[in-house]
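The chain below stands alone and is given in structure tokens; this is the form predicted on its own.
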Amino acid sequence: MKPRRCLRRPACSNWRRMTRMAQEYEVFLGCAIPSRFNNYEASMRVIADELDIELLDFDGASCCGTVVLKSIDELSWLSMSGRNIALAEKRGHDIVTPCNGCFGSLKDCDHVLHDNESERKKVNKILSEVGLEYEGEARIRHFVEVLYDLKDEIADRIVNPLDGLKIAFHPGCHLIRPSTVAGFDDPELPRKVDELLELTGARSIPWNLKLRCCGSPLLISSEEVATEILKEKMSNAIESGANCIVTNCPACHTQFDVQVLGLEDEDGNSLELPALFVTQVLGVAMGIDSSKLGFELNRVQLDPIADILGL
């Protein structure tokens, strides 16, 4: 990947350094989190507050564009994602999102528009009609990236060790792939979020299907296939000794905490495991009041790990 550079503001390096120091971001929630996963948003916001990460509401956000639209009409996808990026740029802010799909879409769009002058000109012609311009200045970050930068501070704040919690961590596809765009972790052997989770005293177990897609994108076209993929993942997580499954992606969480309800293997054994967001695990270990972490909104019963979490 080409070295990152500003396209218009030669003096923006000082401005960006100041932004990083302030830990201030516009938070891009996407579509699924505000409508279906208030527990993820609540736990993210309370952790951000504890760690002095200022999350500014994203005024004027639309759908990120999604990788689904990219496969149908790439210019429309670039324009939708590019508009969101341009809005934050115009206000002088970087973007953080807790959604893997939004992260993948915005990051990929930024990658294309930054390096492809022809596509940038097409998109900026469209954006000019609404008074916007993509300039290539705003950084796009996933919330777990920001947390990883603060891992030493998080370690100092652990007051409720989660000994006995055996986590099957599922990073999701768009957090780490394509690696030349995501740029966060090793796409073949990711460990950064596992390191965060293990700060709590929990153990992130090795499991063979950790990197396999959860099947969520196929819910649009074939729920049957998506369910078979989910069955294989859950069976492997249980066989590997996990007592919960954790993710940082709302779409993947749909599989693990909604689609899994009532799911059984061929012998009639339940394939349900308590499903948590990364932010809920970190929050309870940091001693944050569990009523602020949204556990009551998790669909799969948390009884098997309630004592460990102190619920």
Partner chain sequence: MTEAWGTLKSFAGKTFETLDPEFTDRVSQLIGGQDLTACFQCAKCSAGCPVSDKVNVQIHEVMRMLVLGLPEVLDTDMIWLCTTCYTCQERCPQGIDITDILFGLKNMAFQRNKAPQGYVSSRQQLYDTGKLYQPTDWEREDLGLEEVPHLELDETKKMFEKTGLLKLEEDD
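Everything numeric here is computed off the predicted structure, so don't read it as measured data. Positions refer to the first chain, counted from 1.
What follows is about the form predicted together with its partner chain, which we do not show.
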With a 4.5 Å heavy atom cut-off to its partner chain in the model of the complex, the contacting stretch among 281 to 289, 239 to 247, 59 to 67, 261 to 269 is 59 to 67
Exactly one of D149, D73, D115, D156 comes within 4.5 Å of its partner chain in the model of the complex through a heavy atom, and that residue is D73
Please tell me whether the candidate spot formed by R139, D163 and L197 is one where all three residues come within 4.5 Å of its partner chain in the model of the complex (heavy atoms). no
With a 4.5 Å heavy atom cut-off, would you call E119 a contact of its partner chain in the model of the complex? yes
With a cut-off of 4.5 Å between heavy atoms, is S79 one of the residues that contacts its partner chain in the model of the complex? yes
| Within a 4.5 Å heavy atom cut-off, is G201 in contact with its partner chain in the model of the complex? | no
*Does the 4.5 Å heavy atom contact test between Q255 and its partner chain in the model of the complex come out positive?*
no
Residues in 193 to 232 that come within 4.5 Å of its partner chain in the model of the complex by at least one heavy atom, in order, are R212, C213, P217, L218, I220, S221, S222, E224, V225, E228, I229, E232
